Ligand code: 3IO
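Below, in structure tokens: the form predicted on its own, a single chain.
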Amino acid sequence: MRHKFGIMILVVFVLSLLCTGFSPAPVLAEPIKLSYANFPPAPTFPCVQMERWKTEVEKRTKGKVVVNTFPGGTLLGAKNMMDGVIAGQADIGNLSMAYQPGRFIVTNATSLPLGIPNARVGSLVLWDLWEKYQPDTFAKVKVLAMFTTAPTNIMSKVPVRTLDDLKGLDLRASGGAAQILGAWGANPVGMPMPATVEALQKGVVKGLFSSLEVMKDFKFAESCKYVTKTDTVIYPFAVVMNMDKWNALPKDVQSVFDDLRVEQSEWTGNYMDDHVKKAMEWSVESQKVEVIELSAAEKAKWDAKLAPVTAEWIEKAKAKGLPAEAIVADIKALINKYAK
């Protein structure tokens, strides 16, 4: 009897050891790894917002998600960003819709000369416009953020003070901004922003029409010693995710991504506006760039040339079955809403 009792005690003792100190440690789940592609160099504002989003996601998911970022076109280039994300070459991608104006008709309407005053307003207007119309172009992806550049201005090797100075001048531009240069009599040359550095060096273009942060980000201030203030239109961007990857995410992670969408869009707009200010301070102080302000009379001449641009867009969009007048009216109303 004592022998059996002793064996029972031994068995209980061994089982208790197995259940405590000698049991295998729980297996920690591997983090969800996501790739995020971007086309411009790392110091530029689209990549700065990418790194901010990565940091926030990793913090808010408590390490459950790890985001690997690929700036500078190392994973996908500017023109194949959307299709690359749809195909799964990258889980997430940041694209400039101006590079494919015929594809992103609704969202590219924010590139019309309608008076978007800054990147914060532009970003919130763009987000609301996308959310209302839900264009089919984005049906195969999950939209994670939308934002815009600050308004465009002319950066050039030669001074541009009048419309006559602009006639026939080769300037880099894309999308709606290229249309505007054409209306002013310049010669718009389409190319991705990174290619513009070499194009300026070789004299292929005499300048560019874009938002002014590139004066510092791409060091354009070293060759473009004149900035003509037009504050005309913006360039819209979108951050999109592969739909299969999105659907595979746990619900709590999806909630984090959703919660960040508007916040990230507005954050980027605010960052952009501040960045433009600092870039121009650097350009004027260290690179001796001259800023040319158009007189009221001259600006009125420039603006008058742009009236047909919006009218032409409306006719073309209507021909494709889009509610063009409503889209333009919505953009104007949203500008008033967010500019207050």
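Residue numbers run from 1 along the displayed sequence. Owing to the predicted nature of the structure, the values given are computational and were not obtained by experimental measurement.
The discussion below concerns the form predicted together with the named molecule, not included here.
Think of it this way: in the model of the complex, the named molecule has a heavy atom of just one of V85, V214, C224, A238 within 4.5 Å, and the residue is V214. The partner is absent here, but in the model of the complex a heavy atom of S210, alone among T110, T232, S210, S156, sits within 4.5 Å of the named molecule. Using a 4.5 Å cut-off to the named molecule in the model of the complex, each of F39, F45 and T149 places a heavy atom inside that distance.
Taking the partner from elsewhere, W127 is found to have every heavy atom lying beyond 4.5 Å of the named molecule in the model of the complex.
Among residues of the shown chain, Y133 is not one whose heavy atoms approach the named molecule to within 4.5 Å in the model of the complex.
Although the partner is absent from this view, M193 contacts the named molecule in the model of the complex, with a non-hydrogen atom inside 4.5 angstroms. Using a 4.5 angstroms threshold between heavy atoms, T137 stays clear of the named molecule in the model of the complex. Stretch-level contact analysis of 159 to 167, 238 to 246, 96 to 104, 199 to 207 against the named molecule in the model of the complex, using heavy atoms and a 4.5 Å limit, identifies 96 to 104. Contacts between stretch 164 to 184 and the named molecule, counted in the model of the complex as any heavy atom lying within 4.5 Å, involve R172 alone.
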